[in-house]
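Form predicted alone, single chain, as structure tokens, below.
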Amino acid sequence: MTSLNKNALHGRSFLSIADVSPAELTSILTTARAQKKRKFPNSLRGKSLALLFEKPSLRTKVSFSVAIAQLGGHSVYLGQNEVGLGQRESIADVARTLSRYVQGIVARVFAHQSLIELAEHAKVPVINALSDVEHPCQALADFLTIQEHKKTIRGLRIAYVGDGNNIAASLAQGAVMLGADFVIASPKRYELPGSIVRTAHGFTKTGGSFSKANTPEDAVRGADVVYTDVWTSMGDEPSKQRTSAFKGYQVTSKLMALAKKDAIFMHDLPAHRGEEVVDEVIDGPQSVVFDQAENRLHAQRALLHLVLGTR
């Protein structure tokens, strides 16, 4: 297990998957695998963390709460009605106040800019538990899951089909960092932002690559991993225009058949069954979606240990 006196992650905020180096990302995953196999350390003993959530959650809230408790720490849940981030009170004042009470802030927010402001004014590390730009903790769990099923990430073809959203953003950058070939197929107007694409291309020196496919079929053909997410993210209103744009992007058994025979199917959940994926795939033998859900706990526990833990 990584020694904290040599741990460069200690005391740092984690807002984007690109906030860590490829070596640091590997260290988080190595720590997660080690902790999953043995009794985890009591490294958050005597420490309290704020769970600052503007958006409701099942997996994020429970996995962080349990991870903090398993490391010996204490969590305080703060919902939108209790804080009113930037409305009832300025983000800067919330950050300064919480810094007097807790040793870390785990924030699930609507706008990524809120995270940036929290980190600028807080005296304690801020961890991104989801924003409109990225979901790096989900990516940690995804990579841990891929490693468990494929033994390695380097050299794999990871195909993403669907909306170029926060999930796709963190996954794309992290995959290239770890030496995978990431390919994405998205409808026009729903593609990854240019800033994310440029960042992903910047990590190609690790041996990974980033590319766009014209169709879902082109993306999935020969893939080791097939990943999709909802077409309408939480807080967004579904529309006929969006539904029409994603026609043909549903992951079906026919689409999965284009991937390698031992390919795995991934989805971060919750899923809109019958939209982006059919039951036959998400409940089928290639699906690892509940391994992903479990690994949120293990990946985030490792992150908390490295960022906030004491020896």
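What you see is a predicted model, and the numbers here were worked out from it, not measured in a lab. In case it trips you up, residue 1 is the first one in the sequence shown, and so on.
Unshown form predicted together with a small molecule; subsequent notes refer to it.
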Problem - The unique member of S195, T152, S233, T215 whose heavy atoms fall within 4.5 Å of the small molecule in the predicted complex - result: S233
Fill in the blank from the handout: Contact with the small molecule in the predicted complex, heavy atom within 4.5 Å, among V278, L269, V66, A245 goes to L269
Exercise for the section: With the small molecule left out here, work out from 93-101, 75-83, 128-136, 199-207 which stretch has heavy atoms within 4.5 Å of it in the predicted complex. Expected result: 128-136
Handout entry: Contact of A223 with the small molecule in the predicted complex (heavy atom, 4.5 Å)
Key = no
Handout entry: Distance check, D181 to the small molecule in the predicted complex, heavy atom within 4.5 Å
Key = no
Problem - the small molecule contact at S186 in the predicted complex, heavy atom, 4.5 Å - result: no
Practice task
Consider V124 of the chain shown here, and say whether it contacts the small molecule in the predicted complex, taking contact as heavy atoms within 4.5 Å.
Solution key: no
